[in-house]
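Next up: a single chain in structure tokens, the form predicted on its own.
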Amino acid sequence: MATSPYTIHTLKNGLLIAIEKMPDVRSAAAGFLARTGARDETPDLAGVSHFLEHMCFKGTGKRDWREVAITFDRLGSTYNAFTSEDRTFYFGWVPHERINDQIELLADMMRPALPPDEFDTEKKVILEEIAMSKDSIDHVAFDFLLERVYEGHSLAWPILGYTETVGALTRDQMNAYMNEHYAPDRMVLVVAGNVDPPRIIDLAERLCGSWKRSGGMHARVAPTTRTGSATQVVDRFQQQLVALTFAAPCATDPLHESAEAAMSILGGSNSRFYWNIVQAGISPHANSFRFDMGDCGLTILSGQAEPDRIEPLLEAMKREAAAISRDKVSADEVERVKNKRRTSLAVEAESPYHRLTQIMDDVDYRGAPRTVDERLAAVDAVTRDSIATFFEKYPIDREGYLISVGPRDWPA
């Protein structure tokens, strides 16, 4: 029987550790997942998760912000962090002999000092980021879409928050949020690469074992996907963006991989949207994609055009949605998107950097990591029939939620 490459361990304070040993590589990657994001914020704290992500780089009890940045460089680390609707992840990728130092730095950052002067400075940075986001029609439209489709739910507010909420946020409020949501029993340490798992666990115990647990995960309520239509008039944009949104499988649904394939066929590269809408001269940009989490998902059909060309664009999008829902996709279409997915997984399998985020995703949503072979098997299981089942269960040829953003007040 083959030995599992994974080691899963939980410290007494609840910190979950997930390790994949990759003995044939020369690097290693590590990351801390905080299981919190925009959907876990109260309305008055909208944006605090993203703001806190920035502050974790701005100084700890051991290092000021300069030393945090310089230490990453000393390690030769490829590093970053991101905040989404339901998670925040901090990670770094280094030569394997430096992985202990990388984990130590990241663990230190998970207990930021939130220096008052840096808090005030970074607040200005965040407010500028919010202002800049309003110059992107894609950004404005996506925030507007979630605001309407998930109206009344915490998923309705943007990751960046609002000028009013971020502007009013205090350091004490952020500190209270951090103490609750960055507790070890709400976090995961993920490590992938050429590492010794027992030594990683011992290191984590020394670095994180004294962290105080919170007592449990924050309860989340799955949203209801609304139907209807809404318009946001924005005169500064030259084009109009329209999007049709429908309920879709969540990240753990058995139809997840079939849904991904379906969206690639409909609106990915060399897709039906590309050949029948973009290449037909109806719109310069048209695509379809999925937005999903552990308990909900959306299918989004989107396109841009001159304001007076929106009607034929929407008609074309609906026509393609009806056609792919009515008739099975071709065997050639299925094989092409599966081959692209196989290549992507094969490349990612060789990189601790990519495996890190895959393991994080699986542990967070599925409770356990999947091997690359298991991921490939899910791709291989996609067929014309499974895609047809996806469209039967999650139809896109009927009323969804239509949004329109741009200079034209349409539909009025």
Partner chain sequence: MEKVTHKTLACGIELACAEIPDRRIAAIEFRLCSGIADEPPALLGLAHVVQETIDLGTAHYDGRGLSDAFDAIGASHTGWTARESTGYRCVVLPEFLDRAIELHTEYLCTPTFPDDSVEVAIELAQQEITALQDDPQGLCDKLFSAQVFGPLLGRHALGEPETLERITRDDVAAHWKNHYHTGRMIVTAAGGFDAKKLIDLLEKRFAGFGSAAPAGRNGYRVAFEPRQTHHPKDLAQEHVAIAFPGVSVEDASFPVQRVLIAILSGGMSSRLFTEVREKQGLVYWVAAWSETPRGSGVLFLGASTTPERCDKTFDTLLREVDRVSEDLTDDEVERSISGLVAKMRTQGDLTRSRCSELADDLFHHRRPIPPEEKIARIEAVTTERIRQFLADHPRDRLNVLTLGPRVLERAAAVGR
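Numbering follows the first chain given and starts at 1. Everything numeric in this text was worked out from a predicted model, so none of it was measured.
From this point on, the text means the form predicted in complex with the partner chain, which you will not see here.
From the list 253-261, 181-189, 135-143, 164-172, the contact stretch for the partner chain in the model of the complex under a 4.5 Å heavy atom rule is 135-143. Put simply, of K212, R326, R236, R206 only one has a heavy atom within 4.5 Å of the partner chain in the model of the complex, and it is R236. With the partner omitted from this view, the residue of A280, V221, A331, A176 that lies near the partner chain in the model of the complex is A280 [heavy atom within 4.5 Å]. Among heavy atoms of T343, some come within 4.5 Å of the partner chain in the model of the complex. In the model of the complex, the partner chain sits within 4.5 Å of a heavy atom of R309. The partner chain in the model of the complex comes within 4.5 Å of a heavy atom belonging to P95. Of the heavy atoms in R336, some are within 4.5 Å of the partner chain in the model of the complex. Residues W65, R74 and H354 are all found to lie within 4.5 Å of the partner chain in the model of the complex, as judged by heavy atom distances.
Residues of 25-49 that come within 4.5 Å of the partner chain in the model of the complex, judged by any heavy atom, are V25, R26, S27 in sequence order.
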